[in-house]
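Coming up is one lone chain in structure tokens, specifically the form predicted on its own.
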């Protein structure tokens, strides 16, 4: 990792102390369009100093401005299941591809503009400039499709390949951004970092989900049926529509995540807490399993760690599952049947759910001593103000959210959860209209309430 306290490279002329107090934004420095006689490198020789991959984009400022001024569609789970159950017909698959194409360029342009609006010295950091160039590259691969309608198999295959590259390109966005902001903490306030990351990570959730959904539908549909060949998750199960499980049982996910976290505890502490699942554990609803797995893993890390470190391991952690009333959510979602009986996607295996609640609340209650009053106001922040000037990232007891993310890749097996797990988990929960609430009784324990909104009843 680049030394935290080494002076950052600034690609503008050396600033005077007075000008450092008013950092300029990156927007005024960037120009992705060039004249016929002048190359981008000649106009901006400093680009040669930026981190790899360099921008090979042929995206003009006018195109970015035009796309970033367009309304960004608010994605819903219903949008993602609207094309029907797999295997999709070729017509439904084309519809999914064109819907995906209509959303992604606008989303990428919004993120490019948000990065440009950061202080230039921040965007010139090698890690953050790498993310900027990644977004430029991804937008440049999608723009040639902007005025096309995908209406044949060859085009759909090529477009899916572009989506797979996009997903791979942005695989490590979170830890790279964390490193960049950690190195730039002298030039941007913790509040600005938190606001940027909250918006950016929410946008990234949607962008990645849109791409992965079409990739999964591609590999589970009639022309290409081969779920095992998908470069992203593509479950071959009759309850799945792409990456969405229309009959997801939260109790199963709770137990799976709890077992994994318990193994980490046993490795680190030599013991594992007990847990109980109560309420209505048979509840099922439509949601994205990968999202729920991430959220529950982070919340259970906090509860398990607090339970062990406060010597209350004999007190089980209680996870209560409470479905919302069936009439509290959106109307039923009617889907076209599968185009063919293929693999696990057989019509006789796909049945409507009789009691599919539109949403679920999960409470995680532990006797881990609660959250200290001085810590509680900061649990939703990506702040790095807990570092002293002599601390190094990842070292000592002052490790903060950004340093943990940058060292673990945004996940990992670290049991040290409270700090970055809550804000990231809240971003996932809130994306589809849910949320996370925390109630702490200091000296006793903590209740965390996770509310998730589903699609509604699917038939």
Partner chain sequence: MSPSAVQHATKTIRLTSAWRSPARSLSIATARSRSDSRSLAPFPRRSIQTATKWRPVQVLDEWVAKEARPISLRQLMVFGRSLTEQRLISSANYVRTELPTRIAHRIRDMQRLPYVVVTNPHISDVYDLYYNAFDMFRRVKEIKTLEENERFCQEIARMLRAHLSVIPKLAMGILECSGLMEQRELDRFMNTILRSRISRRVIAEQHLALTETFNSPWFSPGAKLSEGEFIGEVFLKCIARDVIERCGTAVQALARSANGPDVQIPEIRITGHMEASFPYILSHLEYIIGELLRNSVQAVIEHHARSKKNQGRPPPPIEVTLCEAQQHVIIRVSDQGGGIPRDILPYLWSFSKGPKSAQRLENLTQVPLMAATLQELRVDGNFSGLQDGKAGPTPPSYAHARAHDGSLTSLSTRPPHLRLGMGLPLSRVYAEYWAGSLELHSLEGYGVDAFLQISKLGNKNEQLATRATMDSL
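Here the structure is a predicted model, which means the values were calculated and not measured. Residue numbers count along the first chain shown, from 1.
The next section is about a form of this same protein that is not shown, the form predicted in complex with the partner chain.
Novice: With the partner left out here, if you bring back the partner chain in the predicted bound form, are 280, 444 and 449 all within 4.5 Å of it by some heavy atom?
Specialist: Checked in the predicted bound form: all three residues contact the partner chain.
Novice: Which among 187-195, 75-83, 315-323, 239-247 is in contact with the partner chain in the predicted bound form, heavy atoms within 4.5 angstroms?
Specialist: Contact criterion met by 315-323 only.
Novice: Since only the chain is shown here, I'm wondering whether residue 437 would be in contact with the partner chain in the predicted bound form (any heavy atom pair within 4.5 Å).
Specialist: Result yes; residue 437 sits at the interface with the partner chain in the predicted bound form.
Novice: Residue-level contact is defined here as any heavy atom of the residue lying within 4.5 Å of the partner chain in the predicted bound form; does residue 361 satisfy this criterion?
Specialist: So residue 361 counts as contacting the partner chain.
Novice: Can you tell me if residue 365 lies within 4.5 angstroms of the partner chain in the predicted bound form, counting non-hydrogen atoms only?
Specialist: Residue-level check for residue 365: yes, a contact with the partner chain.
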